[in-house]
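Just the one chain here, laid out as structure tokens, in the form predicted on its own.
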């Protein structure tokens, strides 16, 4: 398969902006970027940063067990979503297929690109299972991207790799299969990164925002075939990352920090199961859905009242009841033991007040 088959026809001759730092990466006297020559910050902030810092890129590649040529660092996963849709979807002509309910930014960026958004509805009755044959039936001749979020936000369900592979094989020459794995560290399954060599139309998104606890860093990663990475690089802003970010990325991926991250993930997973068990004892709750992420999706008998009661006590939940199929559902991020117990106490007190 030629990667160009997955690229918008009107971009076939597109070339990236030739930034000063991209044209010349080595030197001692920098007179090519209209920078001030004095480093008043004492942190080399008078110079433009490297577009893709090499040390950070190598550390990320080591962690994801892939070569740096397969990797692009972006400003959070959001930018990766935006780049992929803009690369593949021609405005007012192409379509993006999204499996609902899911993260709303996929539809946001598709709409921003003036691509038609098609949806395939997942059902809580069968655990939000993805049926490959039924998804394929929803693919139109001008469908260019299929989005899979695994583990999915806000449902918490995980899509088996065999399903992702089967879907990618069914649309190899037509669609990019975008697999968003923002929460995969909380799941036992292998990453879809392992499928990239077999399925060149798969693009995987990863992030340091969730399991690594670095949401404020805004470090997202796109993983794909080198040819696709080269194309996405052409659309990327010339200086997407601050010079201050690279040391934090490198530090987060050192062995001691990785061990600490895994310990924190294990704590979250234990707290998730404990909280789920405790919530199921409350009469105000209809369903606590199985989760493979750092949150729980819960269906309530009076979701609006519960949301308000929690908010009045300073406990902020995420209202996802407007998502397709998630009426009366709230999403609960797993907090510290104290935060989780505070939530439970608010719910218990609310239940007692209701019974009076």
Ligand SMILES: Cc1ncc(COP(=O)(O)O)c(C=O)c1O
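Here the structure is a predicted model, which is why all the values come from computation and not from measurement. Positions refer to the first chain, counted from 1.
This next part talks about the form predicted together with the named molecule, which is not shown.
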Item checked: 4.5 Å heavy atom contact, residue 232 and the named molecule in the predicted complex -> no
Check: Looking at the partner-bound form in the predicted complex, is residue 272 within 4.5 Å of the named molecule by any heavy atom?
Finding: no
Next item on the list: Considering only heavy atoms, tell me if residue 120 and the named molecule come within 4.5 Å of each other in the predicted complex.
Entry: no
Notebook entry, point to check: Would residue 88 count as touching the named molecule in the predicted complex under a 4.5 Å heavy atom rule?
Noted result: no
Next item on the list: With the named molecule left out of view, choose which of 218, 95, 170, 248 has a non-hydrogen atom within 4.5 angstroms of it in the predicted complex.
Entry: 218
Note to self: To test your reading of this chain, name the stretch in 161-169, 74-82, 248-256, 111-119 whose heavy atoms come within 4.5 Å of the named molecule in the predicted complex.
What the structure shows: 74-82
Next item on the list: Go through 134-156 residue by residue and record those having a heavy atom within 4.5 Å of the named molecule in the predicted complex; state none if no residue qualifies.
Entry: 149, 153
